[in-house]
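The data below hold one chain only, encoded as structure tokens and taken in the form predicted alone.
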């Protein structure tokens, strides 16, 4: 069952699992990836419902939460979530994020350190992908071709089709969320990550091509207190399903080490 609150004048939908939130409970807040909803993390969260309070979010523009009225970056998403979490009782709180949800969690931990006691990040996005010289040349050629054709085509509809063809799968399927997607992927969270004080546990699938392990290596050098684990055989999305048992193990271990 989904619940809804209004924070900063905008609705936020969420689902609660497990123990009720109180000053005596440890709370897990789950932030999903791009074009996902809370349901992508629900099977994993359900495992922790016997011992912890769990809040599974639908970020604005996804699932049951309506789109923002303007183009948000991840800082605006973090501000929106923080304004509500400030009212939710807890003894301690861990943010569990996947991909886009990791971006929001990093912003939260950096700008609202009193709200977050630990970050457990799965396939964290937010840094430029390091490419080979050949790979960089291909990307630049693709961008040049797209910009050139965009000037030539006569209608907005055709320009939209060009964007879908030359853009990523996420860009092509973003629909009305496309301006937000474009804003988000341009962000570089390097400087933000450097200010995070709480412990961070990073998990990456070795077969992940969207947020490769090299991004995890870079993040682990930016966070002050970071652990990086690489899981063989898993990609960006199947790590949540086929890799679920390993994620459970590492999250339990992280919480034990943090005395949460």
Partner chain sequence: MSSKKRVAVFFGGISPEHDISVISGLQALHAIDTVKYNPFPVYISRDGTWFVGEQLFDKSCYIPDVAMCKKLTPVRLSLDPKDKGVLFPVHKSVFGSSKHYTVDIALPVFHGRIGEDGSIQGVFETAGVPYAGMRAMASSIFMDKDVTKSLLKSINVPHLGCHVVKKPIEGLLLRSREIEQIKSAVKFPVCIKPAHMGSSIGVSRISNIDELIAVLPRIFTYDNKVILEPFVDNAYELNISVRNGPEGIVTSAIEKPLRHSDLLDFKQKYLSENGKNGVKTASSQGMISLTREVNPAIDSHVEQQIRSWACQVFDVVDGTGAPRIDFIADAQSNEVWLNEVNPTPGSLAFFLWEQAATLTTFTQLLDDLLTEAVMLFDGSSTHEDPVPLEARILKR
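Remember, it's a predicted structure, so these values are computed and weren't measured experimentally. Positions refer to the first chain, counted from 1.
Although not depicted, the form predicted together with the partner chain is the subject of the following passage.
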| query | finding |
| --- | --- |
| Interface membership of residue 234, the partner chain in the predicted bound form, 4.5 Å heavy atom rule | yes |
| Residue 62 within 4.5 Å of the partner chain in the predicted bound form, heavy atoms | no |
| Any non-hydrogen atom of residue 67 within 4.5 angstroms of the partner chain in the predicted bound form | no |
| Close approach of residue 10 to the partner chain in the predicted bound form, 4.5 Å, heavy atom | no |
| Among 192 to 200, 29 to 37, 45 to 53, 213 to 221, the region lying within 4.5 Å of the partner chain in the predicted bound form by heavy atom distance | 45 to 53 |
| Within 235 to 252, the residues that have a heavy atom no more than 4.5 Å from the partner chain in the predicted bound form | 242, 245, 246, 248, 249, 250, 252 |
